[in-house]
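Form predicted alone, single chain, as structure tokens, below.
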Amino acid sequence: MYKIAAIGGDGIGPEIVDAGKKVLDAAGERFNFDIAWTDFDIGAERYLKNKELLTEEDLSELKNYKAVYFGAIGDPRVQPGILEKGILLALRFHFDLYVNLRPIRLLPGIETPLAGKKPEDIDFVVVRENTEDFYVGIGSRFKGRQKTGLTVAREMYNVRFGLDIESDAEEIAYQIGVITREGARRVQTYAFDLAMRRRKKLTSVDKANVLSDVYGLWRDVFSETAKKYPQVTTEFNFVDAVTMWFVKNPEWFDVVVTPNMFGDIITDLGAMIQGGLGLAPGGNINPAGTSMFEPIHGSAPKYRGMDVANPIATIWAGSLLLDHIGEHAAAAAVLSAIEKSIRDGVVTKDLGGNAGTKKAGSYIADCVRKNG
């Protein structure tokens, strides 16, 4: 028996999570395990009703679950950023979900915008550091002529450029990126371990040629960690170069490890080369605690309740969840069932089919039960 928390969230979130639950329950039937689901009312509706985002009671309850199955957050009635920061990012930081896991894989029968590339050419994983870098929330913005807000950033700017911000700049904003040795080490270790289970190649992404202090540390830790994994072939790529090679030669990559901000960017590129956001799952992982699995697309509120949303990314995220809790055969069966639904044409409109969210989810669940 596995206790798993479910947060449908906003927009199409509840519908796609329901489809995913159906598939994971089918996997349990076939592979002899049960899932005890607990639904949490967290999202825009609750926030609009009583201004609650993520409460201490929520966090206290969620820590009792090894995994959280998450739908989507975002609602046009709420100012952008409030729900995302107050719920999604708050969960990531509270539970120290320091690994963001993104498989970039082209499934058979799906078209990629990359000419001539086939499923065997696009099959790699991006491991994104998920709690540091420029997302730690250290920054500010102030008017240059104000007498308040004299910060270290202003003084550093004055020294660097020989200017007096109060007289030479009308306004200034700054954001500080933070990389710690421990933060880099633990996510890179996760990536090396993953590379050992795959094709034993690991690419590190950074921008150390320009941001040499913050990403110089990232490189140093990578080189040190690599000494413990002599079987793994390693390489460094600058983030601008890696975006070119993702498009030109995706077959070069096996596992890619990246700081937070660059990972945020290149995984969206990865989603497009694997066929679109409707096919892109993600895991937010703490190997020693609660982890969270979700599609990387948004809440698409205009499609809420219309039974048209593609559930594949969410179901694939469910496969990642099963793999995380140790049900590896079940995880593989879910992914095989997704591939069969694509081959059979039982897919939603965005993939050229006419199935609704419920029908697509039910078909994939039946494929799991029947072993393909």
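Being a predicted model, the structure only gives us computed values, none of them experimental. Residues carry their position along the shown sequence, with the first being 1.
Quick note: we don't show the form predicted in complex with ligand IPM, though the next part is all about it.
Partner contact region in the predicted complex: 86 to 94, out of 112 to 120, 86 to 94, 285 to 293, 177 to 185, criterion any non-hydrogen atom within 4.5 Å of ligand IPM. A residue is said to contact a partner when one of its heavy atoms sits within 4.5 Å of a partner heavy atom; W252 fails this definition for ligand IPM in the predicted complex, lying far away. The shortest heavy atom separation between Y229 and ligand IPM in the predicted complex exceeds 4.5 Å. Taking the partner from the other structure, ligand IPM in the predicted complex has a heavy atom within 4.5 Å of a heavy atom of Y135. Residue R102 is the only one in 93 to 111 with at least one heavy atom within 4.5 Å of ligand IPM in the predicted complex.
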